[in-house]
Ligand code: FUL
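First comes one chain, alone, set out as structure tokens in the form predicted on its own.
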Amino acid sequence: MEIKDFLKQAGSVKPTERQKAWFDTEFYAFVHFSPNTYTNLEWGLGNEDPAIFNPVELDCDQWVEAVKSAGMKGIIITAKHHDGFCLWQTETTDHSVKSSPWKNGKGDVVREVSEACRRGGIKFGFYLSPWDRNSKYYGTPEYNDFYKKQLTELLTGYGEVFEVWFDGACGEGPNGRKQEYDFDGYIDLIRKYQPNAVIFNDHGPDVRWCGNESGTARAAEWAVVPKELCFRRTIPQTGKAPLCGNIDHMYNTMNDIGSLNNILYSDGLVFCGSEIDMSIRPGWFYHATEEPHSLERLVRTYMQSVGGNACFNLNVPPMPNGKFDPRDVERLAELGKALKEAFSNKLNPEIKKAEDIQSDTQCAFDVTFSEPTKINYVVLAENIAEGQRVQSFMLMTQDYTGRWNAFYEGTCIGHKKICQVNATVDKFRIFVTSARDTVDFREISIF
């Protein structure tokens, strides 16, 4: 296959409807809550006494209002972390809220979260850790059946689910053996009971890990990536690349995974967007001595994730009483206010396609104001329903000689690219310098 033909195929790799809905969600919350909240640990051992779990002031409506104040559109609850403690009324184990003094063993955190999300008009999802340090079945073939029963309970008992979150943690079980997870079987169950839910995992099938937990995004975060990276998305949407070679070394922690020099060696490409996940504090679970991160860091992470062709999953850990810490609630409100202010003043310049750039894989748009105007953000979005195509672009102004000079240089765009600029202009140009196929913009907005 010729490179130009492969690039055209690469520019037509499309998301599913569930992936498009996930991208439109953009910003949502993780809530890490388990016996770790009471033991001051990050990874529990699995032998914790269920009696320590007692969130006597649990207020999931407070959670919902707090995350909504930041502009978030969903919550993913840790229904079970590595310690194996279940936050719902499961029939699979007594290592759960059934054995807690909270509500005399009748409480159900998952239900309270899901119902609060419905009341608040936001989406609901859950994380069910495959690693279970409590289950006697872990490390045996029986464990996959045990896990599928838990998964089925969560998929069928709590209404619509927008995301099911898996990680790859796989430690030794009580018998000294690691578990071989039946991810294919898990995925089949999710598709059966919650066909609209995206599935997060290191390797897809719908959403992949960005490669870190610090909120750091790549300079170029492609949603169209080699199938070798996201092999759980089993059917590639392109043929083999012209230089088809060996890129089995590729992993999410690499800095460059979607650019031309990598995809040309692939067996085929798939659509699998990246999720940027971090906690509002240094730890994932609540530790009273920790403070929330600065507003500046949270705003920066939002701009680089939501504004960098990814989604932002920000963890907010409840206190032992079941409420969010007032410091975190305040920081979330500050974040929401800062984001509203950033994008509150949408400008209305004239935007026309430039006639002097005539190419299928290059294009330009001239943005003209009636007078010199200060601009802070240029927001670009492709119509990813038809594919992700832009590889590089510039924002340019014209000097007195008529020459165009770049004041901002960017890479891929995809679902959304927020270009942070601080310029006063009467006219500037958006010049797509390289694309895989004909550029199709869904949005060009100036703030």
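One rule holds for the numbers: they count along the sequence shown, beginning at 1. Computed from a predicted model, the values in this text were never measured in an experiment.
As for the form predicted together with ligand FUL, it is not shown, yet the points below apply to it.
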- Task: Name the stretch: of 62-70, 27-35, 384-392, 413-421, exactly one has residues whose heavy atoms fall within 4.5 Å of ligand FUL in the model of the complex.
- Result: 27-35
- Task: Scan 127, 183, 102, 365 and let me know which has any heavy atom within 4.5 Å of ligand FUL in the model of the complex.
- Result: 127
- Message: I need to confirm a contact call. Of 281, 323, 331, 82, which residue comes within 4.5 Å of ligand FUL in the model of the complex, counting heavy atoms only?
- Response: 82
- Message: Is residue 277 near ligand FUL? Define near as a heavy atom within 4.5 Å, in the model of the complex.
- Response: yes
- Task: Answer with yes or no whether residue 286 is in contact with ligand FUL in the model of the complex, where contact means some heavy atom within 4.5 Å.
- Result: no
- Task: Please check if residue 409 has a heavy atom lying within 4.5 Å of any heavy atom of ligand FUL in the model of the complex.
- Result: no
- Would residue 42 count as touching ligand FUL in the model of the complex under a 4.5 Å heavy atom rule? yes
- Of 191-227, which residues get within 4.5 Å of ligand FUL in the model of the complex if you count heavy atoms? 213
